[in-house]
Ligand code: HEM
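In structure tokens, one chain follows: the form predicted alone.
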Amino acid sequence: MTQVTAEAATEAAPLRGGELGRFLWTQLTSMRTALVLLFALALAAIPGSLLPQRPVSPIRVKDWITDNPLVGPAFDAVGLFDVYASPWFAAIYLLLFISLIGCIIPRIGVYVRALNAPPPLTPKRLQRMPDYRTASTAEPAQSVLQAAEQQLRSCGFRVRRLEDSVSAERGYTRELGNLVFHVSLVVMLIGLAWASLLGYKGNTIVVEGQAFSNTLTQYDDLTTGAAFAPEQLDRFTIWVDQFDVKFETGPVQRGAARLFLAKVRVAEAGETRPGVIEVNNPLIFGSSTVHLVGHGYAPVVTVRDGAGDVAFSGPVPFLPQDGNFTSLGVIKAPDARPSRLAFEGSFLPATVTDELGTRSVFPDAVNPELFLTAWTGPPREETGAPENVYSLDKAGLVQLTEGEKKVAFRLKPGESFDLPGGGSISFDSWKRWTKLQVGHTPGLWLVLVSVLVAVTGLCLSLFIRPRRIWLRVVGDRVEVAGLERAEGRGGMDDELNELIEAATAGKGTT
């Protein structure tokens, strides 16, 4: 009774510090834990795709929190609006990294020892193996063993010659492929971390005749890594002098894009040179790449306030909504007096009005018109808070009316509209704008190389056939057995028959 109690007490004793550490390390570095962490990382990335992210669009994040006052602050507190920089996402990422390394290092040691070790000894009872053959022979035992050894070596086996038998093994490269695959995953994580920490990607809309300088204030939106510094930005300026667009006008694929080409001037290191940006043909400045990712129309308007002064004048980018470039946008004149003015509406490049309504029927500007509604309100104090230039904050604004009818009008290039109560807006002309994406991904080459190497390792692990073969001579009888070390492999029967054929000089099997 005393002995049982002592054993029970021993089993119930808590783990000491070192034992607990070894237990936790063993659990962390198991392949099951690595798979769980990989799945957890995939789940943790989902909010980054479903919710607006603060580094990409702080205004959308602010609007989302305002529209969802119950869950918005809670989501913000746990970092769901900046998922990839949150502590919990970094913890999962680092644990996965450590788990993979902890899985790989012991396996490398086992693999190295296996390479240095000879094939295993011949089992005493070969007839218990899944694949077994026997044959009779009149050849001396040593001649049979010598012929078997030569046959096995010619088939790529490592051979161990014993007194009355031959042991052979092949397929060590399969485990090498597994190790290469897992090491490549670790290297890929390093490359992704490198790109995530030091990389950046930003977008900017540039109207024909205007320029973009690669500085923080010039971007419409910019995503940067946690270790990014503004000094990393390559110094250059791009002037978009002309943007050429051509669309298919024939009956087949009418309206399909045929040409997007931006003719630019580039200033870098004190030198100015001409250049061209096309789709899939970017400009490269040092470590930065400039891609052409979009285009649209920018109506050129002039807004005069109630005092007759120009409150705003210039091009305003409108954002396309469909394949015929029906575009929406807003025009803001916050400096208008005595009341600030604002307009929202649409730009139609090829306007047609029929039984289906008013719409654009072609993406090129063959009959452009501007459709607007007008808003007014008292002057507002500037707070410096960021504001979306493509949407209208109607707080403090009322829509202009004429009698009981809301003011809505359409303009062709060269036309103007007088607002009730004073002020006017004119549609002077239109220009094209192009959307440039500037990015730097420092670890991309490492990710690409690691993916290619991982695929190579995966192919090795899938197509290499690891197997063991033994041959023993017992008097005038030859025993041959084989063991597949991977499921779903074929060809063992043929290999054993060829071995018996070579060892017994053509004697049949039984």
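Please read these numbers as outputs of a predicted model, since none were measured by experiment. Residue numbers here begin at 1 and follow the sequence given.
What comes next is about the form predicted in complex with protoporphyrin IX containing FE, which is not displayed.
Of the listed positions (A135, L397, I277, C103), a single one reaches within 4.5 angstroms of protoporphyrin IX containing FE by any non-hydrogen atom in the predicted bound form, namely C103.
For the candidate set A45, L448, L458, L483, a heavy atom within 4.5 Å of protoporphyrin IX containing FE in the predicted bound form is found for exactly one residue, namely L458.
No residue of the trio L319, R410 and F427 has any heavy atom within 4.5 Å of protoporphyrin IX containing FE in the predicted bound form. Among residues of the shown chain, F417 is not one whose heavy atoms approach protoporphyrin IX containing FE to within 4.5 Å in the predicted bound form. The closest non-hydrogen atom of H291 lies beyond 4.5 Å of protoporphyrin IX containing FE in the predicted bound form.
Protoporphyrin IX containing FE in the predicted bound form comes within 4.5 Å of no heavy atom belonging to F285.
Residue contact with protoporphyrin IX containing FE in the predicted bound form: K431 places no heavy atom within 4.5 Å of it. From the list 233-241, 181-189, 143-151, 335-343, the contact stretch for protoporphyrin IX containing FE in the predicted bound form under a 4.5 Å heavy atom rule is 181-189. Of all the residues from 24-42, those having a non-hydrogen atom no more than 4.5 Å from protoporphyrin IX containing FE in the predicted bound form are T29, S30, M31, A34, L38.
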